[in-house]
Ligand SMILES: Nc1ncnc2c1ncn2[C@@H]1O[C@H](COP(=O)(O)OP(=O)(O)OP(=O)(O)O)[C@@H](O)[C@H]1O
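Read the single chain below, which is given as structure tokens and is the form predicted on its own.
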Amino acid sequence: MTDIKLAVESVGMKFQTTEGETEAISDVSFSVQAGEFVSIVGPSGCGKSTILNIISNLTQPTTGEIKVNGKVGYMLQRDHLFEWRTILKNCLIGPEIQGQDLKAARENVKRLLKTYGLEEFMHHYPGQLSGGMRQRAALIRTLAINPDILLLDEAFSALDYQTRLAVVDEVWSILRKENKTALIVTHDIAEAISISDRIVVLSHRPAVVKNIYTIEFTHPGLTPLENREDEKFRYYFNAIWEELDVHVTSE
């Protein structure tokens, strides 16, 4: 793959606080190629979500540059579905806001709902769906704007463990089938390894890139759940755990 969809180039971020200036991110650089799934892992509070906010243009970096080739979709930790709107109408929020052709958008959303098992629930309300189904609906809502790159910020952390494993498999399958590129922030090392082509490991604040791992399993092309059984899985887990398991004298 040579088509770079996203380039983060020497990005730094400083915040003004009551105690003065705090450096959150320092000279972070990495890229994401078309069709690639890249995860960002790092210690709590190191600036992982801040990087996604900068990429999505919600926050401006202090230094450096973001280059995006295509439209960005952002999927947050909570599904943020509107309880008073049906699933179909929730999924149409993006096209409505962007002023898209709603007839065409409705047909596209109906196709996505049918393809990914929510067709019979399109006129239901979020409160009538399970946690996993709500997350699937939130993903379809994100896909409805037809993004080239998806940013997923701890998108599965609100789910219980068993549901989370199943939903990660579902989301991975949907994004692969829709030929999307994804940048994923997660605190779960095992999840990152199972779903990613590469993993960017950040240091404690101010965050720098400690290492970038290319994940190559013995049997490529399997699902995230199946990848957890691969003989190389524990090697990657131990290596990344050691990268993160550092003594910190101050935060």
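Note that the rigid core is defined as the largest set of C-alphas that superpose within 1.5 Å between two forms. The numbering used is simple: start at 1 and walk along the sequence shown. Fair warning: this is a prediction, and the values are worked out from it, not measured in the lab.
Here the subject shifts to the form predicted in complex with the named molecule, a form of this protein not shown in this document.
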| Which single stretch, out of 188 to 196, 213 to 221, 62 to 70, 40 to 48, brings residue heavy atoms within 4.5 Å of the named molecule in the predicted bound form? | 40 to 48
| task | Using a 4.5 Å heavy atom cut-off, state whether residue 205 contacts the named molecule in the predicted bound form. | result | yes
| message | I'd like to know if residue 233 sits close to the named molecule in the predicted bound form, meaning any non-hydrogen atom pair within 4.5 angstroms. | response | no
| request: Report whether the minimum heavy atom distance between residue 22 and the named molecule in the predicted bound form is within 4.5 Å. | output: yes
| query | Heavy atom to heavy atom, is residue 237 within 4.5 Å of the named molecule in the predicted bound form? | reply | no
| query | With both forms fit on the core, is the shift of the CA atom of residue 231 between the shown form and the other one 2 Å or larger? | reply | no
